[in-house]
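The chain below stands alone, shown as structure tokens; this is the form predicted on its own.
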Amino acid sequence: MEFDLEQTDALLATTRAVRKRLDLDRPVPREIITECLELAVQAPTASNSQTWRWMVIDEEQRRAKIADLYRLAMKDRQSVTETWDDTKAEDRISAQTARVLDSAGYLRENIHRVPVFVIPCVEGRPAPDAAPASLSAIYGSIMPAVWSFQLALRSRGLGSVFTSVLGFRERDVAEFLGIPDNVMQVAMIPVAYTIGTDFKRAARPPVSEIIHWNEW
């Protein structure tokens, strides 16, 4: 099988974290979510464990409740961040990061309008003293599938963004949605069609500056 490298590379290089360009008024059919998840679960998992699980929320009232918890989680995160570093934000962020923060604020205010939320989960939880190898196995069993899901969405004209902040309210989310205690939520992915599809490569440091051959 020969791949069209130009299209493949464009898909990989231009799948952005989409917030402001989510189409909040266009419904997303369930069959598209299912189709993208069917591709996502082809991703490799640690020891072929296949422990990923997917919580999809498309009912308006349930999305509203998750949106409320998302906003509370944002406040939780801000409180934690302020204890880490009391340096003024404007003194430590780049212009690009400032744009990301601005779009994050837009998503916070409009999160309830996003037509679909997808919460990728994994069965099992790491022990408090889990070794890095154990953590790698757990997250490595879900993260490749998450990225495959986001790529599949992008190729079909939909956008998404990987958000982790809802984890500050994981217990509340689990109780509301009936998620079992042994199932760990790893993210919440807002999904919608995009306004336009002309996404471009992001500014990134040259690989030559961040790659190490054979020794650090």
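From a predicted model like this one, the values you see are computed outputs, not experimental measurements. Numbering starts at 1 and runs along the sequence shown.
The next section is about a form of this same protein that is not shown, the form predicted together with a small molecule.
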Residue (of 98, 72, 104, 135) lying close to the small molecule in the model of the complex, criterion heavy atoms within 4.5 Å: 104
- request: Could you spot which one of 36, 43, 161, 179 gets a heavy atom to within 4.5 Å of the small molecule in the model of the complex?
  value: 161
message: Within 4.5 Å, heavy atoms only, one stretch in 43 to 51, 58 to 66, 26 to 34, 161 to 169 touches the small molecule in the model of the complex. Which?
response: 161 to 169
- prompt: Can residue 77 be called a contact residue for the small molecule in the model of the complex at 4.5 Å between heavy atoms?
  reply: yes
query: So in the model of the complex, does residue 16 come within 4.5 Å of the small molecule, heavy atom to heavy atom?
result: yes
task: Report yes if any heavy atom of residue 202 sits within 4.5 Å of a heavy atom of the small molecule in the model of the complex; otherwise report no.
output: yes
